[in-house]
Ligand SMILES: Nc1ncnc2c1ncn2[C@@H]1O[C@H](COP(=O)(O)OP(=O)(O)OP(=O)(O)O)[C@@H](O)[C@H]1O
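Only one chain is included here, represented as structure tokens and corresponding to the form predicted alone.
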Amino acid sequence: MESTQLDHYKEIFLTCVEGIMVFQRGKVILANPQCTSLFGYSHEELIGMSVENFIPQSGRIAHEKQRSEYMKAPDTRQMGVGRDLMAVRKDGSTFPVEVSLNPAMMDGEQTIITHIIDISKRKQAEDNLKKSEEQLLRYAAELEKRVHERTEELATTVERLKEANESMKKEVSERIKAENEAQIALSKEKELNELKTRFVSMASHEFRTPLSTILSSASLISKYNAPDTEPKRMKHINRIKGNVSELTNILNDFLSLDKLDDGKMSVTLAEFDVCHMLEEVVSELQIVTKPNQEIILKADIQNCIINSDIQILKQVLTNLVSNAIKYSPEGSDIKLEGNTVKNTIIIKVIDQGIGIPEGDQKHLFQKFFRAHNASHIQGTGLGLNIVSKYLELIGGEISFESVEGKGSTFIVKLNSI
């Protein structure tokens, strides 16, 4: 059993990747094969060599003194950790090592078992890392220097720019102002051109039709001189009156729009009975409805007295109800409803007409705009624009709900007294 254990220990000794030397009185008495690779000596040469033979010449005298001190009280010690410890090969070259010393008694004599590890690769890696760190530090220092220089240059440039900016502020401000004014002017000019185009298109249609009718009727009247042609003559006279009235309404719209745009429209506030005014609107417009159309008034207003401009509000409602008549078919009902919600009077004009296409609804209150499905019906495209501006003057609001082909509901909101 003891022989087997010795064989195991011997195998460990011979195959260990670390160099193992056993010293007595400073001389090698045992060395494993790894030591021959480390130092370049043969096994025979290693036996009997002094420990100082493996130390560079410059450190041998000091090492002898240290070894003498160590042998007075030998203990387990690891050497080379945290500091550079060099060993020398047979060819005189040196290499970094870590060494551990382990005292042991062999055959009654003090023996030092030494483990030697070549740390060349580790040192090379450490040196490379150190060089990299040093290089990084140099780069950092150089970068810091450059940053400092560039910062100074930038500070100088900034100062110059500040000085230049101070002198340019007024010029830039004036330029921006001029550009804004030019942009506003361009926008207004563009809007004006669009309005002119719409106006020309509208006027060519809305004026030409009644004027042609007037001219035609005037020519025909001269032919009806006999007493039995009186009904025909009156028919054409009424046509002339109706078309003149239509032209007058168009011109009134233009005049109202001009006053509103120039801020010349005055507001006269006074208390009046809004319920009575609704009845007047129905009475005045019932005579111009289409065959079998009827305007149905339903007013459920708690306090009919309001403080507003009666002429403006009456014009707003007259316009909305007239539109309902115009865009609704014969035989349909038009509802004019009024009620109160808290301190707000809400008036609705409800028709069963052609409705407003969804894609046109966002443009409905713009000047000269007409929905695509209304091109065959006379109109200037100014009425709703004027209505919205009238309501702004008296602090009211207008909104609408509409489905194409099913009708529209226009909603006017007013503050009660």
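As the structure is a computational prediction, the values presented were derived from the model and not from experiment. Throughout, we count residues from 1 along the sequence that is shown.
Just so you know, the form predicted together with this ligand exists too; it's not on screen, but the next bit is about it.
Taken together, 364, 381 and 384 are fully in contact with this ligand in the model of the complex: each brings a heavy atom within 4.5 Å. Contact with this ligand in the model of the complex, defined as any heavy atom within 4.5 Å, is confined among 127-135, 299-307, 326-334, 90-98 to 326-334.
Only one of 38, 55, 354, 46 lies close to this ligand in the model of the complex, with a heavy atom inside 4.5 Å, and it is 354. This ligand is not drawn, but in the model of the complex it has a heavy atom within 4.5 Å of residue 374.
The closest heavy atom approach of residue 70 to this ligand in the model of the complex falls outside 4.5 Å. Within 4.5 Å of some heavy atom of this ligand in the model of the complex lies at least one heavy atom of residue 319.
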